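Starting off, we have a lone chain in the form predicted on its own, written out as structure tokens.
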Amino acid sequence: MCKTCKENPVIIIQGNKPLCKGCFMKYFEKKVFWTIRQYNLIDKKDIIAVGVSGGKDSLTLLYLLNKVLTPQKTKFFGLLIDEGIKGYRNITIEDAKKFCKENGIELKIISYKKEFGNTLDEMLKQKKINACALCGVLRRYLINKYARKYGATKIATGHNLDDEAQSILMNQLKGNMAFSAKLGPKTGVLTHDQFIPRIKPLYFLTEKETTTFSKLKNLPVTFIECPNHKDSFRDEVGKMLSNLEAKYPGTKQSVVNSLLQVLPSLAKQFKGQKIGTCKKCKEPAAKDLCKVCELLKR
């Protein structure tokens, strides 16, 4: 029975608490709005670029931001990156278009093909390279570039608790503590005039909770996974964390809490890193050439 109203539950949330549909919806929205307030993620004067993929996380985020930002007249728009992954991205793009049209939300779409001359599928055929590593670099580059171009002051992404726990553990296993310093509900370790800060309103909600919310709200989501994700490093770490979570409930939350405890120290340690400008594309870069220009050169 639901812990709150004794109705039939639809989900067992974190802390092993069963909740009915109504109580779960209130719990989910309350947690998102608490995260926004607690970490000062959004200011009324902000212009928010919402990273949209058409998946459950991004459409859930867009739905909630539309609900909270529209009444207070905070400007926002959807920003979708079309990598050109056949049988996947073309499907989620249609879901995103449908949702944005029904809710009167502006959606801007940027494609790899137009920006780089090739889709991701075409790039992977030309050279053996880790698909997720390549795609991650190119996506972050385009999201930052075009969020800035369209006047955004913040970029909101649909990263949830599972995503964050995976990133933390991946960085630990690879010894990339400098990368972990950039995590958290709100970025801000490295500063550059052309960097747009990122915020994660779904930070404390699990993937299971987000999936349930999107289904109960009947969001136009096609539950399909990127074909390049299977057997990737993130996929392996995700499976390991899910197995641990099943045996030891609260594992993912503990991993995230451990980062939040040391994040101020990490941020202080790596805040002095200098970021320059790419000589070729003029975007932020740690070296003479940014990672995107290095990859495209190869």
Partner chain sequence: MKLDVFIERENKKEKVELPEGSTLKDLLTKLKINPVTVVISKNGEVVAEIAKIKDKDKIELLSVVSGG
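Residue numbers count along the first chain shown, from 1. Note that the structure is a prediction, hence the values are computed from the model and not measured.
Just so it is clear, the following notes concern the form predicted together with the partner chain, a form of the same protein that is not shown.
The partner chain in the model of the complex comes within 4.5 Å of no heavy atom belonging to Met177.
The partner chain is not drawn, but in the model of the complex it has a heavy atom within 4.5 Å of Ser53. In the model of the complex, the partner chain lies within 4.5 Å of some heavy atom of Tyr88. Among heavy atoms of Ser242, some come within 4.5 Å of the partner chain in the model of the complex. Residue Lys215 is the only one of Lys215, Lys101, Lys125, Lys114 with a heavy atom lying within 4.5 Å of the partner chain in the model of the complex. Only one of Arg37, Lys271, His229, Lys67 comes within 4.5 Å of the partner chain in the model of the complex through a heavy atom, and that residue is His229. Contact annotation for the candidate site: Glu164, Leu173 and Glu236 all lie away from the partner chain in the model of the complex (no heavy atom within 4.5 Å). Stretch 219-227 is the answer when you ask which of 196-204, 101-109, 70-78, 219-227 has residues with heavy atoms within 4.5 Å of the partner chain in the model of the complex. Applying a 4.5 Å heavy atom cutoff to the partner chain in the model of the complex picks out Arg139 as the lone residue from 126-162.
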